[in-house]
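First comes one chain, alone, set out as structure tokens in the form predicted alone.
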Amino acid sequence: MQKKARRRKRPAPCRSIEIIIEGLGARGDGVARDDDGRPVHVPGALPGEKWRADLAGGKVLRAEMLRSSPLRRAPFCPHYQGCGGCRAQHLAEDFYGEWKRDMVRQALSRAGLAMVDVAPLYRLRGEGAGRRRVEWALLRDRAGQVKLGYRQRGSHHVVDIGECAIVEADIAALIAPLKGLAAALLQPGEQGGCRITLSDSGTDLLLKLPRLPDLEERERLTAFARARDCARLCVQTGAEMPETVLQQRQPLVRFCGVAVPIPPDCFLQASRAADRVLAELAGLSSAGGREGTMAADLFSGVGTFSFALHRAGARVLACEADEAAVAAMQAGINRAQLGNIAVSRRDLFRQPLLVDELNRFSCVLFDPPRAGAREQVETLAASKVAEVIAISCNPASFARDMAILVGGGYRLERVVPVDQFPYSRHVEVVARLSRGA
């Protein structure tokens, strides 16, 4: 049977238009309207600017700025144009803060909470404000050249970097050595990645490789870790569990003075300053403020907020689904010989705390993944818990969860956006709710 020839799809016709940028989208793109009133998204454009854009199928193929905006400033990073990381470096300081604040306001408005006041963006500054963990792609191209960096926006292309201004200096110092290591581990055409975490006891390095290293490569990895004084170096292939190649010291992170031995590929707040600031904004920075209070820390991870609640005088139950995180937190508790703090392994998406369980607590804090905590929030809304502290990295799921709680009788008292991921399109949110009278 003869197969029919497949019709080639005709390319969309290209047209050139001049547009005025009206606003800034959630991804940091300038937003305008074409002649038919349809939205046009122009990367790197700012409100008030005039651009000429070549469009095909509603997408911008090329764009040229004809008139600049006073809201624009010069990016500080030489990799800004190609790198997919810090997309908002070109925004003037005040406008940048309002843009991120407005993300939260708009999300709340879409959820029916337009009247909620949102505080100005809290900027992380000073010691410890640089990223303490980062993930970079690694590629050795067909010509044998190694690239290390972030992936270009909307593509798998690796933008090779020689420096990175948003990470702590000890991480940036590893860029050149890691390229040399990758040249020895990757064959031409192979790619991998690395995740670096600065623990309080040294660098925790996880290399993601296309295949397990042989004996000679393991010796090279060991020598690299010793020369760089890494606390731990692990390798991972595909979805396999990380394998430790060398551990010179247990990677530790301290929360309120409690040393927690973190597992490889562990989730942490992006910077050391974020641990402190988020706890302060959640009202957990001072000791003795919650003497004898029963508190639950849901989606607790390795205990960022559990130990802050404990320091403030609360008796704490921490709930977390990840087995390694639970074991790490328990080890920290045992080492510090802490009382009044317990850890439970529990998947709160599949098995949220029920109303009767929640009613034991006067305070519940939750910090879920980007998807939010709908299942848990629905039972929380029906509970008698007096105080709820919500922390989120996604304004959309945060607003949805807040609407559920407000619908259940909670009063949203305070919402603070936090710039935990500077110059990116991401914003953290901290909120406090209490039961209405």
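Computed from a predicted model, the values in this text were never measured in an experiment. Numbers follow the displayed sequence, beginning with 1.
What comes next is about the form predicted in complex with a small molecule, which is not displayed.
Residues of just one listed stretch (81-89, 347-355, 158-166, 327-335) have heavy atoms within 4.5 Å of the small molecule in the predicted bound form: 347-355. Contact with the small molecule in the predicted bound form, judged by any heavy atom within 4.5 Å, is made by just one of M294, A173, A342, A321: A321. Checked against the small molecule in the predicted bound form, the candidates T304, S271, S201, Q236 yield a single residue with a heavy atom inside 4.5 Å, and that residue is T304. Though the partner is left out of this view, Y150 does not reach within 4.5 Å of the small molecule in the predicted bound form, counting heavy atoms only. Of the heavy atoms in P368, some are within 4.5 Å of the small molecule in the predicted bound form. Using a 4.5 angstroms limit between non-hydrogen atoms, F299 touches the small molecule in the predicted bound form.
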